[in-house]
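Take a look at this single chain in structure tokens; it is the form predicted alone.
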Amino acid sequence: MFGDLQERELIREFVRQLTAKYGRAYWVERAKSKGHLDEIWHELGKAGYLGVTVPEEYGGSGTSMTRLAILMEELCTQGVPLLFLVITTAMAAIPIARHGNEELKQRYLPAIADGSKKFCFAVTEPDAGSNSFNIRTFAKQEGDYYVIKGQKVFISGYDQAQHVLLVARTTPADQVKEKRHGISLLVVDTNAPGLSAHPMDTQIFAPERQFALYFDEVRVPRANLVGEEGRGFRALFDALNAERITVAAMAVGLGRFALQKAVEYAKVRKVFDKPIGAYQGLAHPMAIARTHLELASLMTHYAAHVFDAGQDAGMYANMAKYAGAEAGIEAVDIAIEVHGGSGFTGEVDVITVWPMARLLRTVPVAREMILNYVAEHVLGLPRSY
């Protein structure tokens, strides 16, 4: 079910070798300076790992969420999370590969695979939040162009990307029979006239910054439409499910990174003449955290397996994201506790993991919305909102 175990180990070994060169210290330095992770990104591109979600005929190695999950999980286990693996390799490449026309595939997929182009993904709006169908950004057709007006927020890495995969309405919400209709996806160049961006003051320890985007009569060729006009929800769901799976892998890896630090410290730090790892008050929570991380990892890889099989992965992707985020937070929390007061210092480098681990409970979809989804769509309970 989980593919070739030898291939999995080859991916993990490649990541370990890469992070021996561009490791946690490299990532922390870039996070502090808000610098870019270009070196490791280009190394991944040269080795073919940015093409794991790109079909072979466009320079990739075949669409595989499983490979991407392994790659992300191991990078984070080594303390080097790469957010662009979520927003470019998962959220942009997969919708274009599955739903884009031939021109779009030829134009963008080879550049995604070799790492020469990055995408950001724009769906969230100030007044829409978790309700993606309530977005107001509108793309009006005028001849061979769409003219876009609206606003997006919490757009990761806009300053590093060359393109935005934009989710917009092409039919007003009050003119469609089903709320999911009238949604379209468009590729917009980040330097398009009328598109402006402002950094948001988010306090997350990471190299990638968050932006608010403003579309003021931005003109985009109709050829940049991904999929059918007004039927973009299919491509959107593919992007969101891929996002959830990759984020779940990220959370698991971050939890493993922090927990391993705690284990190493608990073996050598002595209190009352014994290593603190010998005391069940710390040993049991660490053992539980590791168990929960492994369970979340299994759920993540199963979700990727279902996604790769072309089946509806919504249930499993949401469950994986929930399990990964909760396990990651649990592991980071016990890691801080094991280190005591020193756990709050930058030198130990555990508290630095907490903001991102905690963020992943809330984004890209809040745990409460996942539980609503499971209650309604899996258990068949009445809708609560």
Partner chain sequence: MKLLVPIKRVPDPATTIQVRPDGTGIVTDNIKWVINPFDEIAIEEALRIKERLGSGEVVLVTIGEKSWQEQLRTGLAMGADRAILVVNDKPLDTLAIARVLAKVVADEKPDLVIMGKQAIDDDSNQVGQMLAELLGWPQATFASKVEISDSVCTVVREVDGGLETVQFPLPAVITTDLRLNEPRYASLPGIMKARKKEIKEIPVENLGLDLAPKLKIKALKAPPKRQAGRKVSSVQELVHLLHTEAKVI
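Here the structure is a predicted model, which is why all the values come from computation and not from measurement. Numbering follows the first chain given and starts at 1.
Separately, the form predicted in complex with the partner chain exists; it is not shown, and the next lines address it.
Novice: Quick check on residue 24: any heavy atom within 4.5 Å of the partner chain in the model of the complex?
Specialist: Flag for residue 24 set to no.
Novice: Please run the contact check for residue 11 against the partner chain in the model of the complex: heavy atoms, 4.5 angstroms, yes or no?
Specialist: Yes, residue 11 lies within 4.5 Å of the partner chain in the model of the complex.
Novice: In the model of the complex, does residue 357 have a heavy atom within 4.5 Å of the partner chain?
Specialist: Residue 357 lies outside the contact set for the partner chain.
Novice: Is residue 326 a contact residue for the partner chain in the model of the complex, using a 4.5 Å heavy atom cut-off?
Specialist: Residue 326: no contact with the partner chain in the model of the complex.
Novice: The chain here is shown without the partner chain. Which stretch in 344 to 352, 27 to 35, 317 to 325, 59 to 67 comes within 4.5 angstroms of it in the model of the complex, by heavy atom distance?
Specialist: This holds for exactly one stretch, 59 to 67.
Novice: Would you give me the residues of 37 to 55 that have any heavy atom within 4.5 Å of the partner chain in the model of the complex, in order from first to last?
Specialist: Residues within 4.5 Å: 43, 47, 48, 49, 52.
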